[in-house]
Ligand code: NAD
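One chain comes next, on its own, written out as structure tokens in the form predicted on its own.
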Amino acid sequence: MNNFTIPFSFTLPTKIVYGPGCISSLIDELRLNNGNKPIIVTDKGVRNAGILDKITILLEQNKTEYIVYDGVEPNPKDVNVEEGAKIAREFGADSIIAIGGGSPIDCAKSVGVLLAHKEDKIKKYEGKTAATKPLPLLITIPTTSGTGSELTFSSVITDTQNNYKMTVKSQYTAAKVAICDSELTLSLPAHITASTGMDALTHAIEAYTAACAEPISDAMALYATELIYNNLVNAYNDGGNLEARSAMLLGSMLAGIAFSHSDVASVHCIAESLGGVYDLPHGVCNAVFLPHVMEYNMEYSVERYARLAKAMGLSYKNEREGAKKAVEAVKKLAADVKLPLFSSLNVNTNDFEKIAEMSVKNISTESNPRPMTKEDYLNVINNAYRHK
């Protein structure tokens, strides 16, 4: 299915600085954008890995005053955002440096939303239209190759009162600069390499097959699929392989741009619901459900799944065969990087209906290529649970 006649707009407000060692450009980017007193938003994992030290040494060498907030939890919480904003205000921060995976970067975006709007509760900014003011200078520095959050317009935050993930989305939440240094991903543990890599692949596949896909996001999504599919196993098996790590980071970035301008779909709707209720790793949830949602979508996406198979380097005699090969390849890739089955995640079967109900209410359900009801979600969840 071509989409050449459908009108679209494409905005990428973030400057990308990419390449091994490019973290050295941080001070220049701060100065160019009048960032003189940043808060660093990160998590304990980044601190413990020694990556935070690389940043603080640069700042101290250049006599830049800063403060660190490293209390971001996995699947960042509204309370993390609000604590970070409070610390930033008390310090008088004029800029934000986000370092880490999707959790610190999403948290930092929402900290910026609170600072810009002079508010203290992030719940007020849920949705696609609530954030209406430019953020303070935000520089994002990814340390995983997964979320693409360094280049997206949204942050996903757990509402701790209601145990679900809400989205704060606006072009105002995009970073001013993303510094993408693949050397910072070399220390990433294998299991996180696997889960974040499958997260990025999900972004690419859902962006390409979403009902609102457009030609520029298509191009990004296809190249992202090629890079991720052909390099994830190498990065997983040999974390010190800089070429594989660089390809994964670039693939993750392209997938992030793709889904920002298209959308994600029902895989993410289920993953975000599970994450909200059970606080499970987002990439693992995506990996579990990606092939099962692809199977559900098959009849509506044969041509596009076949094109994804081509991007993966698979050969086929006809589009239906290609589409089926794409699904099987995704299943095999998840197994090759030792990601778990859904049945092993200790999710109570009594919660399946609740998860299905939360999923169908997610704003990205409407972007799935095949319409999905609560019953459809429940069938997919049960199919995934029975899969061995």
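On a predicted model such as this, the values are computed, not experimentally measured, just so you know. The first residue of the shown sequence is 1; numbering continues from there.
Not pictured, yet referred to below: the form predicted in complex with ligand NAD.
A.B. asks: Verify the flagged residues A49, K165 and F259 against ligand NAD in the model of the complex: is each one within 4.5 Å by a non-hydrogen atom?
C.D. replies: Looking in the model of the complex, the three residues A49, K165 and F259 all sit within 4.5 Å of ligand NAD (heavy atoms).
A.B. asks: Ligand NAD isn't shown here, but in the model of the complex which of L115, C212, A311, I192 has a heavy atom within 4.5 Å of it?
C.D. replies: So the residue touching ligand NAD in the model of the complex, by this definition, is I192.
A.B. asks: Ok, L184, A178, L135, A244: which has a heavy atom sitting within 4.5 Å of ligand NAD in the model of the complex?
C.D. replies: So the residue touching ligand NAD in the model of the complex, by this definition, is L184.
A.B. asks: Please identify, from 212-220, 299-307, 149-157, 90-98, the stretch that has a heavy atom within 4.5 Å of ligand NAD in the model of the complex.
C.D. replies: Residues of 149-157 come within 4.5 Å of the partner.
A.B. asks: Taking 4.5 angstroms as the cut-off for heavy atoms, does S266 touch ligand NAD in the model of the complex?
C.D. replies: It does not: once ligand NAD is placed as it appears in the model of the complex, S266 has no heavy atom within 4.5 Å of it.
A.B. asks: With the cut-off set at 4.5 Å between non-hydrogen atoms, does L254 touch ligand NAD in the model of the complex?
C.D. replies: Looking in the model of the complex, residue contacts with ligand NAD do not include L254, since no heavy atom lies within 4.5 Å.
A.B. asks: Even though the partner isn't displayed, in the model of the complex is G102 close enough to ligand NAD, meaning a heavy atom within 4.5 Å?
C.D. replies: Result yes; G102 sits at the interface with ligand NAD in the model of the complex.
A.B. asks: Give a yes/no on whether P74 approaches ligand NAD to within 4.5 Å in the model of the complex, heavy atoms considered.
C.D. replies: It does: once ligand NAD is placed as it appears in the model of the complex, P74 has a heavy atom within 4.5 Å of it.
A.B. asks: Under the 4.5 Å heavy atom criterion, name the residues of 117-148 that approach ligand NAD in the model of the complex, in sequence order.
C.D. replies: T143, T144, T147, in sequence order.
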